[in-house]
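The chain below stands alone, shown as structure tokens; this is the form predicted alone.
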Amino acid sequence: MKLKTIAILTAIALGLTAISIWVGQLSYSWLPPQASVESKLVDNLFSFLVAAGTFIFLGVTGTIVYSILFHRAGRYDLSDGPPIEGNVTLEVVWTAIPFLLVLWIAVYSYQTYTEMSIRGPMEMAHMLHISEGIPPAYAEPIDESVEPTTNIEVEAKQWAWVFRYPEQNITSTELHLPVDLRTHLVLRSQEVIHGFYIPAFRVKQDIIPQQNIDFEFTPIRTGKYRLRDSQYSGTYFAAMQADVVVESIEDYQKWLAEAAKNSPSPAPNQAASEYAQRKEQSAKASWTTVVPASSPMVNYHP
């Protein structure tokens, strides 16, 4: 009887494992296309968490349903249950398994963060340690021989993104990146905290006012993606979006050459336009806001 029970439980565990792995693989379709090296690492971690969560959910729910169906008291049975004391073996098992699972997730998450090699996000958090003479904890590059080939300055302000290519003296409201090359950004904010977030890249970085924050990632899929402000930065923060164009090296160089020919001109600014329309209305709005930054002067805007 004991062997039969073990065989049944083993078969159930194998079935739950197969279903959990299938759901974990299915989770890749829930996210935007993988457009960066970092997105693959993040999606692998997410898939593992989904599979583990599915196994736990089905296991706990199945046990509860089985108990309700086959071990419930009779309709008129008002007697107390049997006086069963604690099971030491069971308590050790249900304590050890969650502990090992959490430890596994912690190690896997740290390895993913290290492999992503996104430098700079802990700058503000480690300022106290720097003042005490302790070096900051930055992730090391995946390959120290690989130097970023694209250096771009990103300026965030209420409510617009401005991208500067200092080597070519180009300013744009659209971020252009070469595919399969490491990109290095210097993030700055003029007034409040903004969030640099590209869902297709699975990268996000808060931009602290009056601080230069280094940020790196590697695009691997050509196409047009969307940059959003992930932090609430004021009234028109939803309008603070920009296109991110990942293209071949040849097309990237061609775009730089064409953009360099253009003289700086004011770029369209949705926040400024909406604010101007609001001021023209006869009825005064019931809410107040700061005046949006003026339209940036750029060489290129879509």
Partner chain sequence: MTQIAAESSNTDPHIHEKPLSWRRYFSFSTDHKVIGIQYIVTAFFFFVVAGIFAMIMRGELITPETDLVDRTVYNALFTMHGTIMIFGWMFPVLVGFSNYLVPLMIGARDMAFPRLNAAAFWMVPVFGFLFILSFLVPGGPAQAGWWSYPPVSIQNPSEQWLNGELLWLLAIVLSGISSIMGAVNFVTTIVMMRCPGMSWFKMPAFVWTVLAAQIIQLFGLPALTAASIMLLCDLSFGTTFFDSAAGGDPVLFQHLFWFYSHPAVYVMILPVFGVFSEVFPVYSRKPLFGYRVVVVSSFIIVALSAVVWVHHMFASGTPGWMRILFMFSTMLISVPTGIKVFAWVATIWGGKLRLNTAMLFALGGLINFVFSGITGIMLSSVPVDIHVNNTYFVVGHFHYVIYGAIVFGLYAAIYHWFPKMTGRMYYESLGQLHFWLTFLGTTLNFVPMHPLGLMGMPRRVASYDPEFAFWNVVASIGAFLLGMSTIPFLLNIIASWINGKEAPDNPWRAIGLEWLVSSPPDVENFEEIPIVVSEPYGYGKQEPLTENMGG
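Numbering follows the first chain given and starts at 1. Treat the numbers as computed from the prediction; the structure is a model and nothing was measured.
Absent from the display: the form predicted together with its partner chain. The rest refers to it.
Is there any non-hydrogen atom of E167 lying within 4.5 Å of its partner chain in the model of the complex? Result no; E167 lies far from its partner chain in the model of the complex.
Taking heavy atoms and a 4.5 Å cut-off, does N212 contact its partner chain in the model of the complex? Close contact is absent here: in the model of the complex, N212 is far from its partner chain, nothing within 4.5 Å, heavy atoms only.
With heavy atoms only and a cut-off of 4.5 Å, decide whether E247 touches its partner chain in the model of the complex. No.
Does any heavy atom of E153 come within 4.5 Å of a heavy atom of its partner chain in the model of the complex? Looking in the model of the complex, residue contacts with its partner chain do not include E153, since no heavy atom lies within 4.5 Å.
Can you tell me which residues in 14-36 come within 4.5 angstroms of its partner chain in the model of the complex, by heavy atoms? Residues within 4.5 Å: W30, L31, P32.
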